[in-house]
Ligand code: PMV
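Next comes just one chain, in structure tokens: the form predicted on its own.
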Amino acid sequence: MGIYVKAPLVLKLFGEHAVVYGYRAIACAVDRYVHCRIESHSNDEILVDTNFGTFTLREIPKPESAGRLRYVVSVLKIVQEVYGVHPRRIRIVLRSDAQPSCGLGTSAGVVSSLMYGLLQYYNISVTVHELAELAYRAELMAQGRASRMDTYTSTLGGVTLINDPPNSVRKLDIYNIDAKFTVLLVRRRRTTRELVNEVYELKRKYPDIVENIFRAIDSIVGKALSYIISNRFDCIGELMYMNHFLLMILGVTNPLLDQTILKARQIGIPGAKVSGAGDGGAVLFLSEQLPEDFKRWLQESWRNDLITLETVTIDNHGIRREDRATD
């Protein structure tokens, strides 16, 4: 017997990077997941089984020295510090429907699902907002800088508005959402942490200019919000293009990524943008189906960097227990 949990992955619709500095953003949970299983283990240690390997923890190290396990370690640390629980003799199995650093908030899915799984395993009750805040603290510990956007959206599900009011996340009261997106996942050269730090350095060098860019992004968020609340996702396309090219000015895209967005606009796709920290990862198209010649162009242009191209829908449920095993 074990505890089985799944947390949806996240698309960033509007507001990336500006959200780290207190500006508004909009995100949504999608029907791709991080699956977590926690069960008892015979040895006096923590066994961590992930997509990228199996690891044994006899002591919980500092997150900064834990490498690829820093998100797992951060969750273990938070549970230890907040609840006085010292996880031992457990096996943690984590499986993601998407590769790490693909722009779908996989790290948030990991910390959210693992946090919920551990609390369930140790019979600790929390509200959904308390769970989201604990997951945010774990991601912040692992990355150094983070917003509440991904962890709260993964936990709450649906479409979320971040930083309105400041330091808040609320799920928008939208039901019967029929929005569908095509997502291109491509490999990234820079990590989320590196990209966030690059924007930080740019802001430190040109504070007034970068603040103006952030304000422009926030204005786009405000306009998009009015459409989304009315469940008019078909109206947000031009705003997606605007948001993307402001991210380009911040230096978090790359030439092929920008060429992809320009190509989408030229052939009449209603909207497109990078979703997430940038430099590849997830590219979001406001279209359930892409023209076949454009799909061939994507495959030829991205070549070995292309991971997948698929249609996703919005998950309105958020994190939850699941019945099946996670292998």
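For every residue, the number given is its place in the sequence shown, counted from 1. Model, not experiment: these values are computed from the prediction.
A second form of this protein, the form predicted in complex with the ligand, is not displayed here; the remarks below concern that form.
Next on the checklist: For the interface check, one of 190-198, 236-244, 253-261, 177-185 should have non-hydrogen atoms within 4.5 Å of the ligand in the model of the complex; which one?
Outcome noted: Stretch with heavy atoms near the partner: 190-198.
Next on the checklist: residue 147 versus the ligand, in the model of the complex: is there a non-hydrogen atom within 4.5 Å?
Outcome noted: Flag for residue 147 set to yes.
Item to check | residue 13 within 4.5 Å of the ligand in the model of the complex, heavy atoms | outcome: Answer no; every heavy atom of residue 13 is more than 4.5 Å from the ligand in the model of the complex.
Checklist entry - Is the gap between residue 19 and the ligand in the model of the complex 4.5 Å or less for some heavy atom pair? => result Yes, residue 19 is a contact residue.
Checklist entry - Does residue 105 reach the ligand in the model of the complex, with heavy atoms at most 4.5 Å apart? => result Contact with the ligand, yes.
Checklist entry - Just one of 283, 286, 277, 28 has a heavy atom within 4.5 angstroms of the ligand in the model of the complex, so which one? => result That would be 277.
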